[in-house]
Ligand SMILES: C[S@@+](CC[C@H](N)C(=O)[O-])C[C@H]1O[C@@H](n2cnc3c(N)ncnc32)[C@H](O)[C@@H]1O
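As a starting point, one isolated chain is supplied in structure tokens, in the form predicted alone.
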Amino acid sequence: MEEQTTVNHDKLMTLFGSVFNDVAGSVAIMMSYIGDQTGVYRAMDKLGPSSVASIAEEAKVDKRYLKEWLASNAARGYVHFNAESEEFSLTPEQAAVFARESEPTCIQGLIQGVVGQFVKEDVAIDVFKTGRGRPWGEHHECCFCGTERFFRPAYASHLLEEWIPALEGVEDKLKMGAKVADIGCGLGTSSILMAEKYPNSTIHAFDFHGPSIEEAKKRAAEKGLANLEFFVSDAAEIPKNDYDLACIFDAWHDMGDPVGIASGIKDVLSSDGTFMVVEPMALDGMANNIANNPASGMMYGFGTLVCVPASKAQDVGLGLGPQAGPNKLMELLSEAGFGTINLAAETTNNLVLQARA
């Protein structure tokens, strides 16, 4: 006999309201993506308070569609509408979130990554049902570009000013001239930042995704960086070059065998080398994350769609996920054979661990 339950009307309406707001937010995400890709936000940031016609002319978009788009954005609080003058504009805060790529608060990379998942929703459903792995190359290109755009401002703000200085003795080595392995470098943002900052050091950057490496090479060539080289390589095949610093940025949890990879990295380091692991901010334990980490819902979602499937597509397929937490990360580094492990720094979005033999 089925158990009968009574629906609590107040709880029902609270849940319905929350989900309805999420649906409205998903539409707003699509609107934001359109505004980014068509340059409307950047046009508004340039113009200041303006009419629909003026913004349409500057951004070279259709005026009627733009009017509807602006109304949608204004209703969500993404742009400002002056009812008296019938002009739209971006406040400084809105510009920092939607229009200014260099700001650490720019959200467009994250939005681009989300849209990329909806584009290939059929693949996501197949992976979820079958349990198969999903290699990085099966994602829409928005996943690659969006990931890089999302992480780039954080790296630009924290890598050189906070994270590297927090590592014991590493910055002095880099200034004098050291060898660095940037593993899982993607489009090369972290590699380029380090090569520019430390011209006496040699940066070797590795990633198994060939198209990302080709784009990274183009970006480095544009900057004329002679101390930076990119290689298509699996993380398990890094050459034994006695690196003074090896680093993985927001990618260790994506790897099928993070312990095996870390063990291999220990072997390619110099005797006093350092392994820096930068991972998404997380607390220890699922219950703790769900209750106390505001970003956990989003991060577990990306774990479902991107991170765990990427891991399962590789050997071992541990499926660590992006919310492992510092204790688990340090436990795995210990299993890999590192003797000295500690949390060197943390920011809103990231944990930074250093490990030495």
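No experiment lies behind these values; they were computed from the predicted model shown. Residue positions are given as counts along the sequence shown, with the first one as 1.
Heads up, the form predicted together with the ligand isn't pictured, but that's what we're talking about next.
**OP:** Answer with one of Tyr198, Phe151, Phe98, Phe88: the residue that has a non-hydrogen atom within 4.5 Å of the ligand in the model of the complex.
**Re:** It is Phe151 that has a heavy atom within 4.5 Å of the partner.
Subject >> Selected contact from Ile164, Ala251, Leu245, Ala216, since only one has a non-hydrogen atom within 4.5 angstroms of the ligand in the model of the complex >> reply: Comparing distances to the ligand in the model of the complex, the residue within 4.5 Å is Ala251.
Original post:
Looking at 179 to 187, 78 to 86, 268 to 276, 218 to 226, which one sits within 4.5 Å of the ligand in the model of the complex if you count heavy atoms only?
Top reply: Heavy-atom contact with the partner occurs in 179 to 187.
Original post:
Is there a non-hydrogen atom of Glu138 within 4.5 angstroms of a non-hydrogen atom of the ligand in the model of the complex?
Top reply: Flag for Glu138 set to no.
Original post:
Can Ile203 be called a contact residue for the ligand in the model of the complex at 4.5 Å between heavy atoms?
Top reply: Result no; Ile203 lies far from the ligand in the model of the complex.
Subject >> Non-hydrogen atom contact Lys120 with the ligand in the model of the complex at 4.5 angstroms >> reply: No, Lys120 sits far enough from the ligand in the model of the complex that none of its heavy atoms falls within 4.5 Å.
Original post:
Does the ligand get within 4.5 angstroms of any non-hydrogen atom of Asp234 in the model of the complex?
Top reply: So Asp234 counts as contacting the ligand.
**OP:** Heavy atoms within 4.5 Å of the ligand in the model of the complex is the criterion; list the residues of 194 to 223 that meet it.
**Re:** Heavy-atom contacts to the ligand in the model of the complex: Asp207, Phe208, His209.
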